[in-house]
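Here you get one chain, nothing else, as structure tokens; it is the form predicted alone.
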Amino acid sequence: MGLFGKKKPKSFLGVDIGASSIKIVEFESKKGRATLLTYGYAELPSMEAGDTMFEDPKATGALVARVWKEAGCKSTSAMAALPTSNVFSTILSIPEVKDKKLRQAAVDAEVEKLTPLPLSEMITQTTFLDGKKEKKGKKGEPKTKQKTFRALVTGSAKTFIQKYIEIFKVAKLSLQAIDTESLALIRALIGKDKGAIMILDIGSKRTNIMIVEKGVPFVSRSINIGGNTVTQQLVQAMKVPEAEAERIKRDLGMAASTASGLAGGLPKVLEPIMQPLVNEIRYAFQLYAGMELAEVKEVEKIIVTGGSSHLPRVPEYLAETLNMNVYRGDPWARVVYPAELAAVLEEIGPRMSVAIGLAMREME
């Protein structure tokens, strides 16, 4: 599933352009398994981070090219992902129509009512999720004989997608496909698990909350909470430079313990970021439970990922507060790589999740 695509390359390059970093992963397929060829990433100071990555395609394209070269990549065919905050996504139920053109027209007619922009200003992708189903009547009413299809529709503004095209043109890479962060994370962290799972992607500036059922994103939300929030709190509270605050933040895990008095031993400095995040998680649970087209209704576990998921005691805090299983995701779990890289890859894994999922895209 992706917004557009071309012929499969020989090796697979995933490029994740984030708010404060660029990550690249290159795989090849050996006996049907993703095998790591190389990887690379570049971090930007938080003062340079944000929308500037897309406001200046030339500078971003040059940075992508630099990371690609320094990593020793070979493939020039790249997969990229649209950030969740710039993606429209919905799941529709439409009556069965045998003619494909008429079926797509029915989808477009429904989507037109929901999109923030006219369809003529967007690029959308429709994926039909399942076969024919009888449409159930309301309680006390007889079932109708009408059969329906569920369709996942994703899309983004043409103007925003054009920025990606410009970035990769400057980088001299062939943009093989544009996907979404949600679908990339599903590939990297969930695979073929058919349960109802939440992915919590904690970045530097934003956190993406997604609930996946049978490999399909039913709930996708993006909120302005991230690791930089903690950094700025340390800057203000301790009157230290930003670089020093970043170091202190990374050292929090050394001091984190149950002595903090918070659930899971969460350091107190993280409480202001975690309390609103828990509220958003609970709201996402409510949204999912109320979705008519969802089948499972109850989330069974949470997978935490993203560059700021290394913040200490976050899984433990969420597990105790929400009374459910919470894990840090391992995007390398289905990847073959040299044993001597295990320690390094484990450390950087959370920040590479989207890039890994993108590199896996054409191997499905």
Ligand SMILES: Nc1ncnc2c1ncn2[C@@H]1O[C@H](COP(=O)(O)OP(=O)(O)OP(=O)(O)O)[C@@H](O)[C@H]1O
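Remember, it's a predicted structure, so these values are computed and weren't measured experimentally. All residue numbers refer to positions in the sequence shown, first residue = 1.
What comes next is about the form predicted in complex with the ligand, which is not displayed.
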Inset, instruction - Verify the contact flag for residue 246: yes if a non-hydrogen atom of it lies within 4.5 Å of a non-hydrogen atom of the ligand in the predicted complex, no if not. - result: yes
Legend entry - Contact label in the predicted complex: residue 155 to the ligand, heavy atom within 4.5 Å: no
Inset, instruction - Evaluate residue 331 for contact with the ligand in the predicted complex, applying a 4.5 angstroms cut-off between non-hydrogen atoms, and reply yes or no. - result: no
Legend entry - Partner contact for residue 204 in the predicted complex: the ligand, 4.5 angstroms, heavy atom: yes
Legend entry - Full three-residue contact with the ligand in the predicted complex, heavy atom 4.5 Å, for 14, 40 and 361: no
Inset, instruction - Would you mind picking the one in 64, 318, 303, 311 that has a heavy atom within 4.5 Å of the ligand in the predicted complex? - result: 311
Legend entry - Which of 164-172, 195-203, 232-240, 116-124 sits within 4.5 Å of the ligand in the predicted complex, heavy atom basis: 195-203
